[in-house]
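Given as structure tokens, the chain that follows is alone and in the form predicted alone.
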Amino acid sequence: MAPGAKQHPPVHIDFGDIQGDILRAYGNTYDCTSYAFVHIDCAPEQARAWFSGVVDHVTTANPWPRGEKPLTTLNVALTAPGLRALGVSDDKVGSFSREFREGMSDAARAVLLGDVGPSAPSQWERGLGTGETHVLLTINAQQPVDHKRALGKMKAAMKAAGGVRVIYQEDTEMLPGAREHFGYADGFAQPAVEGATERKVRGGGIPLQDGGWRAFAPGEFILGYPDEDTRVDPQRRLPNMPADPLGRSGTYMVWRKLYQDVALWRRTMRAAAKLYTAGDEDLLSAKVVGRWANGTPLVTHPDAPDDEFHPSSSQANDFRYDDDLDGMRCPLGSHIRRSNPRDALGWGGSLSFRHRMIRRGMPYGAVLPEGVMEDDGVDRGLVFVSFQASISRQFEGVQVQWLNAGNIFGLGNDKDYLLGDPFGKGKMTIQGKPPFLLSPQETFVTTRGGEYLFVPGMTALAALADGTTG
């Protein structure tokens, strides 16, 4: 236990009851991932017969024998309409969170999230955000041949069952160097969860005033377990969750398809760098992101990246902002500082730690060749996936309060510059002597679709398949 951390009863996690892509990242071994959204167009009894066959192949969080990873993995999530399509009663569906039931494409919620203009649900790709998606099947594969075989089995099972079909599918693939399309290492700054991933505690946990860190209570991400409120509650009450048998070992999932305008990003950084850093695009881009391209934190290496930096190192995220409160090294408005302020908001990090999410996801689309400055018309970007116990507190809290509004950082109405403003009004101040202003620019990232889903535990999946949810 880290110095300064309070004593509390140990938590024992039932990994066999939790789906495997939440607490245990499958890692870069799995180069190919498909997200298949399924529509159910048959009676609940027939749908459950198909669903039962799916559940038999779901990957759990149990450690793999001898550490040998399977060739493919399968995980399942459902929308609120999907629960109803499997025969779950309105009363049981009503026990789920409001934001999950309303969905990401709800008109008021879309405005809240900044999904307006070109990112508005009316502009999303067909099938997403319409209420027609019921079940999400996530298939990971180590090799393309394994990927093709798994997809073939999935479609064959649907054809045999009848009444179920894929209405939207996004195929993704790991890019060289595990980068995203803007060229940055991504996905390694994950929260440390007690009982599961304590090895990530330095920089991935909750910052303590004595300089140490402690892991998050698992209930921040997995329902049915103590969360941070439980730790300080004399009665040790657990957080709210959907009615039995659906809630325990489950989590809420956010899925978003984000198109990245790589050519616009490159042109913008090149033009602005001539004024700011005499042509040093790498430094200017790092100021916007908050890290150098290889993942080195700007706050610890403000002048040049660490060539020995490795994202898997226990020290990769071991940094704070308490000695850079003026943003002279890592700008106050940089992307990683806004999405995870750590202790930058003061009060020892207590204003920010309950907004953490477990992030997964993969890039999609072919890479724009290096040096190309004009868009080639290829659809490319990132499939963003996050897991959290509360969509409103965690995902929406970050998106609305930190990325879409800058007031809490002393930045007024400035939005996160990397994600941009759909109306071309996004700007960013880079602290310095003198400060440098990145002028208003069109958005680099556009939402192409999304869904709020629930990822049931294995017991809940069995109840859904058997029709015994009540």
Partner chain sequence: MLRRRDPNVVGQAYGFQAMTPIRPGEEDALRAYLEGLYDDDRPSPLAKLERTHIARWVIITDFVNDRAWGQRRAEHLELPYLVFTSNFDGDLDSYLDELCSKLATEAAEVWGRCVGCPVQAEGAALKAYLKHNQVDCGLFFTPYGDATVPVVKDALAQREQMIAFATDSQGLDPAALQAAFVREFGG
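Positions refer to the first chain, counted from 1. Being a predicted model, the structure only gives us computed values, none of them experimental.
Although it is not shown, the form predicted together with the partner chain is what the next lines describe.
Worksheet item: Hey, in the predicted bound form, does Pro176 get a heavy atom within 4.5 angstroms of the partner chain?
Response: Contact check for Pro176: no, nothing within 4.5 Å of the partner chain in the predicted bound form.
Worksheet item: Is the gap between Phe436 and the partner chain in the predicted bound form 4.5 Å or less for some heavy atom pair?
Response: Contact with the partner chain, yes.
Discussion item. At 4.5 Å between heavy atoms, is Gln235 in contact with the partner chain in the predicted bound form?
Written reply: Because a heavy atom of Gln235 falls inside 4.5 Å of the partner chain in the predicted bound form, the answer is yes.
Discussion item. Please tell me whether any heavy atom belonging to Lys427 falls inside 4.5 Å of a heavy atom of the partner chain, as the geometry stands in the predicted bound form.
Written reply: Yes, Lys427 lies within 4.5 Å of the partner chain in the predicted bound form.
Worksheet item: Between the options Asn62, Thr29, Gln46, Asn413, which residue brings a heavy atom to within 4.5 Å of the partner chain in the predicted bound form?
Response: The option sitting close enough to the partner is Asn413.
Worksheet item: Within 4.5 Å of the partner chain in the predicted bound form, heavy atoms considered, which of Ala160, Leu275, Ala366, Ala263?
Response: By the 4.5 Å criterion, the partner-contacting residue is Leu275.
Worksheet entry | Interface segment, criterion being heavy atoms within 4.5 Å of the partner chain in the predicted bound form, picked from 81-89, 393-401, 226-234, 201-209 | The contacting stretch here is 226-234.
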